[in-house]
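Here's a solo chain for you in structure tokens, the form predicted on its own.
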């Protein structure tokens, strides 16, 4: 999604939605969403993967039309989505010019009005209005703001650089820098910290806290919620079936309020369920009594007994009807992660030898660790940290064998199985297209989750990387529902495709898990579950992450800190 919508009106700046719903053919996504984000408000949007967070953002900024309800926008609106379609020939300068076009138009208008202004008979109100707009947007400083944002977000600053040559993270950071420089009245961001390092997140946090307008941010970043938001909209099911709006600022306040609401909900559901069982037993007893006790003998007050029977049964039916009218209809709770029991070692392994070892690894222009022996022992742990471009993904690629070494050596234990979650996983748009080609499917139709998982199992089996006796069924994991797994991968949300990536990493029951930014696109609840599972699993685990809360949770792990491709 990459949207730039201008809706300029008079009146206070705000974005509002009333009873908004959205559905794909035969599949509802959103319903009953009501919110208002005014000047100085910073709304965080959370929820399970597939709950409609990205869809809601696209509806709010005008990219999608709601199937019901209304959306009102006042002021200028700019958004940054998780995915960017790159037009042929587009450059960094293309995005800069697009973002600053409105500001340059205002600057040109000010030049025209002030140049034509007649100090004796001129329209002072018109000049004042244009001057106020120019000052609000700080049009004279726009290009400098872009340069500062590009630098602070570690994004390529060469305006002639082709977007097609940039990584996904670089493209995201360029676009985010441009949007921040626009000074739109309403800013909508979808998972903005996914491709940022600590310095970039600090810059973004300061920008959002000082934003002179309204902000809507979809995020799984618990620290960002704590630092920035003034309220939280949770799209997960609630007791009344509608999204819940929590007015308390910060993640911890939201978490406490949600947990309290869930406890009350579950307690009421248990009470209603017990009451239903008791009355159902009474109803069964009534009908059983009707068939035995109330069956009149021939010739004995038949009409009177029939009347009493009908009255007895009607009374029981009314009790059941009353209960059902008052009962709480509880939607299924979010599926819990079922993490498989992973092995620490294979047959015949030496427990004192590393499962994977790198010796003095070097990759030209990306990584140089002379004299370094990086060994991952059975059940070992390693946390890889550092700013963007420091070599974290390269180290992980070298460990898995996906990146060839220009110097050094890589050794592995015999028949080691490695599960990998890369930053651009199998569910990414380009990877989905590749799956279509591999599967021999017609263009325009991606494989379903079940089909793609089976294809991955066959690929690993052909390469001798899968033990047929040890395969994790994807439905077992609780990451995706069977309904979602039957759908083509490109119809799933980015977060659901990320769940599919995690499932594929676990497919072969690996001895080693190598995870590059594993929290990207995942829901908050799943991030907590994955973190707990990684701490408890018997397999060796290597994690590279910018997620500040995850790093704090894994702070007792051995750490490899990188800068400019070197250990520090």
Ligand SMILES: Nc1ncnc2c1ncn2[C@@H]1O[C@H](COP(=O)(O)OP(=O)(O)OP(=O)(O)O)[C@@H](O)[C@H]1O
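Residue numbers count along the first chain shown, from 1. In this text, all values refer to a predicted model and were calculated from it rather than measured experimentally.
Unshown form predicted in complex with the named molecule; subsequent notes refer to it.
Novice: Within 4.5 Å, heavy atoms only: does residue 29 come near the named molecule in the predicted complex?
Specialist: Yes, residue 29 is a contact residue.
Novice: Could you tell me if residue 419 has a non-hydrogen atom within 4.5 Å of the named molecule in the predicted complex?
Specialist: Residue 419: no contact with the named molecule in the predicted complex.
Novice: Can you check whether residue 519 is within 4.5 Å of the named molecule in the predicted complex, heavy atom basis?
Specialist: Although the named molecule is absent here, residue 519 would stay clear of it in the predicted complex, with no heavy atoms inside 4.5 Å.
Novice: Given that the named molecule is not shown alongside this chain, does residue 52 nevertheless sit within 4.5 Å of it in the predicted complex, heavy atom to heavy atom?
Specialist: Yes - in the predicted complex, heavy atoms of residue 52 and the named molecule come within 4.5 Å of each other.
Novice: Mind telling me which stretch in 348-356, 160-168, 222-230, 492-500 gets its heavy atoms within 4.5 Å of the named molecule in the predicted complex?
Specialist: That would be stretch 492-500.
Novice: Please state whether every one of the three residues 24, 82 and 487 places a non-hydrogen atom within 4.5 angstroms of the named molecule in the predicted complex.
Specialist: Checked in the predicted complex: all three residues contact the named molecule.
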